[in-house]
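Starting off, we have a lone chain in the form predicted alone, written out as structure tokens.
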Amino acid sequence: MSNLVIPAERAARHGGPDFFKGGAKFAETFEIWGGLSSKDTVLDIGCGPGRMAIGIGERFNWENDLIGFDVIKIDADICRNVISSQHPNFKFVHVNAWNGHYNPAGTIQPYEVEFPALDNSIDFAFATSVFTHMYKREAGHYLKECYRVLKAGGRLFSTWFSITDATSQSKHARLKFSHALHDGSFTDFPDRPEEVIGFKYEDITDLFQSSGFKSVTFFQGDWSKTADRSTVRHGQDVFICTK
């Protein structure tokens, strides 16, 4: 158990009692599937209150240089107060981007966001449960920003809800994605679509390719109950791209 203390109300929104365990498991997956090491400079896209950052820090002895950002100010503030105060090589920024579900008062359009990192400066970027709350135009812009900040050979680890014929026919899927949206994406909640958004598999790979990524590796998640359980590590589908 970590010795860092995250306010219970914020931790409850990011795994609750499994807050630290979930972060540790993702950090392990970043290493096994994404090749993350203690020497990598890391970009944490949608850092929340620091679940993944803490997992990475504790797995790699806080040796990485990490930049995290989130559209929710209280979460970025928590990360600075709790994590950066003890580990100043982990830096966090609030980006006041609009999101209909998470930050309806945001003043920056999500398709105009500039990531808080220099060109060709990041070895490993990740976005867990970020593209699952974004429309296609916004997701495409974020991917182009990922490509901009990654070094040659840098990796992007991202999670999505990837819709295929098999997932659509699954009787046990946790989500059905039965409502089509204006941009070809899908949701289960037409009155609040950004609570959960899915894309067709081929639309996701098209977004990667149009952003510049050529190499894409796919790992199916457990949300649709169609994956081989022996290979599943997380609920959402994982795509890993290399620049």
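Not measured: the values here are computed from a predicted model. Numbers for residues come from their place in the sequence shown, where the first is 1.
Separately, the form predicted together with a small molecule exists; it is not shown, and the next lines address it.
Only one segment in the set 148-156, 168-176, 117-125, 130-138 has residues whose heavy atoms sit within 4.5 Å of the small molecule in the predicted bound form; it is 130-138. Contact annotation: G48 falls within 4.5 Å of the small molecule in the predicted bound form, judged by heavy atom distances.
In the predicted bound form, P110 approaches the small molecule with a heavy atom inside 4.5 Å. Interface residue remark: N99 is counted as part of the site for the small molecule in the predicted bound form, having a heavy atom within 4.5 Å. Residue contact with the small molecule in the predicted bound form: H14 places a heavy atom within 4.5 Å of it. In the predicted bound form, every residue of the candidate spot (F69, I72 and Y142) has a heavy atom lying within 4.5 Å of the small molecule. Only one of L43, M52, I204, I197 comes within 4.5 Å of the small molecule in the predicted bound form through a heavy atom, and that residue is M52.
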